[in-house]
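In structure tokens, one chain follows: the form predicted alone.
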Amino acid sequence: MRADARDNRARILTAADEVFGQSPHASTDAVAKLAGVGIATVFRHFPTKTDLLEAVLTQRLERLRNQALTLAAGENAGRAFYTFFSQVVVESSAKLAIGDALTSAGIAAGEDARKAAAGLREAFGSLLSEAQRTGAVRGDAGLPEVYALLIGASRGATTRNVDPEVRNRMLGLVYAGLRPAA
């Protein structure tokens, strides 16, 4: 891919992330306008809106995966785990909206999005393991249960625009359950 085409693709994805993060039903014209490219350029890179939505979702999942891996390698595994958990919940609205838009259109996530989701789960597992190793998270909390809590908290925080104060109290309750008994 030529350098200008790579730049256009990156600008389109950045714009689409912003536009679809606000409303997954927004138009590709809005994406093109924000990216500063013509609509034909958008469709040259992403033949359908679904392709673009999936690319944005994949990019978000990969970014979260990379962040989790970086945090897992850090010095304070407990703080990293709870910070990451909170961040995912706080930022979940846009990601879930894009995923829901694909689902409501009757489209299953493609191979790239599935790989990115699996990579995120694996990276979250590493973050969890490190937090457990340092005693910040109880040892009997398995990845399937903790990942389900992350998904449930994310969905719960987006339901009817939960007030940030309520969301933070909810997270406090979740974290109290994840911490080892005193």
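The term rigid core refers to the most C-alpha atoms you can superpose between the two forms while keeping them within 1.5 Å. Throughout, we count residues from 1 along the sequence that is shown. Everything quoted here is computed from the prediction, not taken from an experiment.
The discussion below concerns the form predicted together with the DNA, not included here.
| message | Give me the residue from 138, 121, 115, 44 that has a heavy atom within 4.5 Å of the DNA in the predicted bound form. | response | Only one option qualifies, and that one is 44.
| field | Contact stretch among 65 to 73, 142 to 150, 126 to 134, 23 to 31 - heavy atom within 4.5 Å of the DNA in the predicted bound form | value | Heavy atoms within 4.5 Å of the DNA in the predicted bound form occur in 23 to 31.
| field | Contact test in the predicted bound form: residue 49 vs the DNA, heavy atoms, 4.5 Å | value | Output for residue 49 is yes: heavy atoms within 4.5 Å of the DNA.
| query | Is residue 181 close enough to the DNA in the predicted bound form to count, meaning some heavy atom within 4.5 Å? | reply | So residue 181 does not count as contacting the DNA.
| For residue 5, is any heavy atom within 4.5 Å of the DNA in the predicted bound form, or not? | Close contact exists here: in the predicted bound form, residue 5 approaches the DNA to within 4.5 Å, heavy atoms only.
| 2 Å or more on the CA of residue 12 between the shown form and the other one, with the rigid core superposed, yes or no? | The answer is yes, as the C-alpha of residue 12 shifts between the shown form and the other one by 2 Å or more after core alignment.
| query | Does the C-alpha of residue 169 move 2 Å or more between the shown form and the other one once the rigid core is lined up? | reply | Comparing the forms between the shown form and the other one, which are aligned on their rigid core, residue 169 does not shift its C-alpha by 2 Å or more.
| field | Exceeds or equals 2 Å, Cα of residue 44 between the shown form and the other one, core fit | value | After core superposition, the C-alpha of residue 44 moves 2 Å or more between the shown form and the other one.
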